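The data below hold one chain only, encoded as structure tokens and taken in the form predicted alone.
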Amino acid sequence: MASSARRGPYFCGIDAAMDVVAGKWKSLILWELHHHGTRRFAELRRGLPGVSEKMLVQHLREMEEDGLVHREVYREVPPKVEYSLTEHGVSLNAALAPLGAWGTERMARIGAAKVSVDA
């Protein structure tokens, strides 16, 4: 199971941190939830062009197991599920902020285009 695979042992703190954010979409899910707050599944998917439904479900489940994302299920018809960052997720996002700043500087340095997402 995925949760037992992310319990160490680790070489260092960076190894442990990268284990939690490994995967193309996890850091972008963190960004999306940080910048837009609580989101429903379809809203997350629209905000992350290119992510498959299967991959988004898998990453959200792993992030919930790791305590980064809270999943709230509302018992109504049709079913409603919302995702938000936990305190742990917010602190990870803060730790990733300097990396994001470095990436923004790199984009400017190499002249890379920024993807525009209408959400």
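These figures come from a predicted structure and were not determined experimentally. Just count from 1 along the sequence shown to find any residue number.
FYI, the form predicted in complex with the DNA isn't displayed, but the following is about it.
K.L.:
Please tell me which of 61, 88, 70, 34 lies within 4.5 Å of the DNA in the predicted complex, judged by heavy atoms.
P.N.:
Going through each option in turn, the one that passes is 61.
K.L.:
Residue-level contact is defined here as any heavy atom of the residue lying within 4.5 Å of the DNA in the predicted complex; does residue 24 satisfy this criterion?
P.N.:
So residue 24 counts as contacting the DNA.
K.L.:
Should residue 28 be classed as touching the DNA in the predicted complex when contacts are defined as heavy atoms within 4.5 Å?
P.N.:
No.
K.L.:
Report yes if any heavy atom of residue 94 sits within 4.5 Å of a heavy atom of the DNA in the predicted complex; otherwise report no.
P.N.:
No, residue 94 stays farther than 4.5 Å from the DNA in the predicted complex.
K.L.:
With the partner left out here, check for me: in the predicted complex, does some heavy atom of residue 38 sit within 4.5 Å of the DNA?
P.N.:
It does not: once the DNA is placed as it appears in the predicted complex, residue 38 has no heavy atom within 4.5 Å of it.
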